[in-house]
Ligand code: DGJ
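Given as structure tokens, the chain that follows is alone and in the form predicted on its own.
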């Protein structure tokens, strides 16, 4: 069980895996003591000695704060490193001197006002209240440690208890000072169709990390970073992962300090950010999660998976089987009518799929991507009988109906824009900059929030849809709001996120049984913030099997398989023009929430029969594939082969996947060491009709029956393992 030990001036948060400790020094400065594997006892003397300090005679005047490990530091009063907080006082100064006023072990973890956050069940919670006596600024630092995973979550709430307004210029969610810099940094970066590629490099003097100022966590970066010791791999070594539960502009940075330590900072990106705090006002930072592993990068990932699955994702979808869907986009694009969609849905139903999704092009007069966003009325040229009639015809086939929307956007060629040009983000007097022929609605406005809610709610009611794909296809530009005065324009981007969260919370509460899937040009807003509201996200627009090996591998560093939308698409692939075997496309798509992105009417009889077999397998194996313990075995970034497996919590069953990208002649068959099995049990591999010991599979490995001269490019194996009694 998680617990918080309090002895004197020390607070020690711990569970069965990890410890996190901090202390109050004389005068009220809060120092960080330790974050790492569980400690039974803690003596702060040696930890403070690292900074040439003694707790009993600590004095801000007599010591250099930039040598001290701190919980929530600011710049300007002796600490020369980057700080977590910058606030402009009425006198124009930016120095903040926070001293501890109160510490409370809470009965329950408080919710965060207006923001997604981990839930309060199964954890121990601590709140520290610090105050700057000069300005009246109060900072409430909230911590929670969970019973069932090696995770700490943190956030800060700022309150202006002074008489004059304050301006917040930086309010990060987390600072973590480490006593040494002998670490390597892992971040996730990429672009459209190449999201979340892991990059690993040693810490060097100065600043390293990732950030976004695009209005979304973005295709280019992810609000995640990890520090690992040199030599740490998937199974062995120390790893610390940090993830921000936020979907907008963020920063995640590591500073290798001159004294040989490392400072980690994570929070809202302070570029183009300000927040005016009137007397009595409060500002809440997003929550950040810290996962600590002594079992390598894989252990860190499984820690994040358990944290998100058990404490963040929507309760309605926790551990629930997902429908096997077929999406119309690559089957029809904008070229469809009612009869064509129904015929595609019928072919999907015949293959065993349980959900048909109509993608873009059903509203306004939208025959391409240049018009009609915001005009969420059915295009009667294509659907003369409306959404309800189409939904009813699809449901009559024995399959559910789903629909696509892009509610946050508006086309300049739309009735909505002509009626409300001030509803989009814009800077008066400057030319509007479009991307994908569209502008972004200002979701910081209450009237825009109400319009978006009504548009989506009316669409769901009319169509009876059981699923909504929520897309977002452009980042911010012309960042300004007609609803805010000049001194508050720096609040625009964050107010947008608060508005988006408010609308999605409203919709998911009012339509609890609708499966919402997030999308942002693919994986452009795949983050823990959105996953609080939607249980899965379209992993990438790139459905090529070999590219998806890389994209899905990187994504699982921070997110569980259940959150990844993964589909089998047609060949040649629409993004890479590559032709890969159906078996490989299926094996890779089994790595997440499964579906199809093709026109089943165009498949051969043999391929349609293969779809029936695939759907049956996908449905039968969902619980293990989506919710089992996940192990990455071979990295596509380190060689020609990719492999992973998911293991049932009781280790009675497992699903193993292998993909070889390019055929190599005259080589030995691959031998892969499995993980997560019970070494004392024996496992039957159904597809091979062979039985092996768990210890044998993990230590000697499994030899895959590949021909010596190769079996062609994109050769794959997908095996089910089940413990047998002998």
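Positions refer to the first chain, counted from 1. Remember, predicted model here, so these are calculated numbers, not experimental data.
One more form of this protein should be noted, the form predicted together with the named molecule, which is absent from this view; the next part is about it.
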(request) May I ask you to state whether residue 636 is within 4.5 Å of the named molecule in the predicted complex, using heavy atom distances? (result) no
(message) residue 471 versus the named molecule, in the predicted complex: is there a non-hydrogen atom within 4.5 Å?
(response) yes
(request) Verify the contact flag for residue 216: yes if a non-hydrogen atom of it lies within 4.5 Å of a non-hydrogen atom of the named molecule in the predicted complex, no if not. (result) no
(message) Is it the case that residue 580, even though its partner is missing from this view, gets within 4.5 Å of the named molecule in the predicted complex, heavy atoms only?
(response) no
(message) Counting only non-hydrogen atoms and a 4.5 Å threshold, tell me whether 329, 519 and 538 all contact the named molecule in the predicted complex.
(response) yes
(request) Would you mind picking the one in 436, 574, 346, 81 that has a heavy atom within 4.5 Å of the named molecule in the predicted complex? (result) 436
(request) Only one of 404, 533, 275, 308 comes within 4.5 Å of the named molecule in the predicted complex by heavy atoms, so just point that one out. (result) 404
(request) Determine which one of 207-215, 426-434, 356-364, 411-419 lies within 4.5 Å of the named molecule in the predicted complex, judging by heavy atom distances; exactly one does. (result) 356-364
